[in-house]
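Below sits a lone chain in structure tokens, taken as the form predicted alone.
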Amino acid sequence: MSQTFNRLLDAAISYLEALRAEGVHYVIVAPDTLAALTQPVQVAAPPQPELPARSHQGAEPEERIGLQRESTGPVEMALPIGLPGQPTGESLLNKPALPPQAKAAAFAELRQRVLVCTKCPHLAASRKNVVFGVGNINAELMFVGEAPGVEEDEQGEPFVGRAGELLTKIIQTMGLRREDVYICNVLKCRPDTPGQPTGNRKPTTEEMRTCLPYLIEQIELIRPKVIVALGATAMEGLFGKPVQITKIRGQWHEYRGIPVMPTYHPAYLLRNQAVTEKRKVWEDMLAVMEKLGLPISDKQRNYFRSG
């Protein structure tokens, strides 16, 4: 391809990426523009030896990529910018942030899409409420959990049961309020439990993969300085592979430039009341506070120390 074509292509890609950073997920293409896009690219090339009559190697560009010149009528096409739910790997810290009004509008639009989602028909049929997330969309600290439980499904808010009460206490002990941070889950619907009147289950890999684009958009819009992954499932959802939380908790990871601290889920602490386990989670929170530059008192440093 010519250098001019490459420059135009790079400019178009940069423009689309800028739109996506502003929360735009589709662009409208008029019929005449679409028709122009289907035309063969004229590229100057040195003379070539004459070839025999048409072969598959000589097919016109629109035939090779499956486009057609004919149109059945005036149609506007929405072309997606990138692949939904697929992070580019580019650090979010290097991308321009949205202005406050645009950010709020993009977040509201995302919420509306999530609230009516039926991508997992079995979950949509069994849920009472979609649990989108709650908190400050400008938060520096984001907590990511596994999936809604019974109480969360009833109220439409994450972490409102006993585990949620404990998480709230942890946040307050850090010197913050629940409304200062953002709290959400990998899965936005409660995993169904057919035939079981009570209890919860872990989301399947397919369910997490289907719902992950929504979490990614939340992270892209909020751009927290630190993410706390509550439990192994949260880490699996973020990084795409199973982990053993006992082996990785307390060790910093990175998601597209954002530090991630994996720690035990509050539900684990409700099952295991040992002071040593509580201290492990608190040590993880102390590391988060240090990363955020929050003040730490001697009293905070000594929580759950024996003797």
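Quick note: we count residues from 1 along the sequence shown, nothing fancier. Just so it is clear, the model here is predicted, and its values are computed rather than measured.
The following text describes the form predicted together with a small molecule, which does not appear among the structures shown.
The partner is absent here; in the predicted bound form, the one residue of 278, 256, 265, 249 having a heavy atom within 4.5 Å of the small molecule is 265. Contact check for residue 215: every heavy atom lies farther than 4.5 Å from the small molecule in the predicted bound form. Among residues of the shown chain, residue 147 is one whose heavy atoms approach the small molecule to within 4.5 Å in the predicted bound form. Within this chain, residue 237 is remote from the site of the small molecule in the predicted bound form, having no heavy atom within 4.5 Å. Looking at residue 159, you'd find a heavy atom of it within 4.5 angstroms of the small molecule in the predicted bound form.
Of the candidate stretches 91 to 99, 118 to 126, 219 to 227, 150 to 158, only 150 to 158 contains residues with a heavy atom within 4.5 Å of the small molecule in the predicted bound form.
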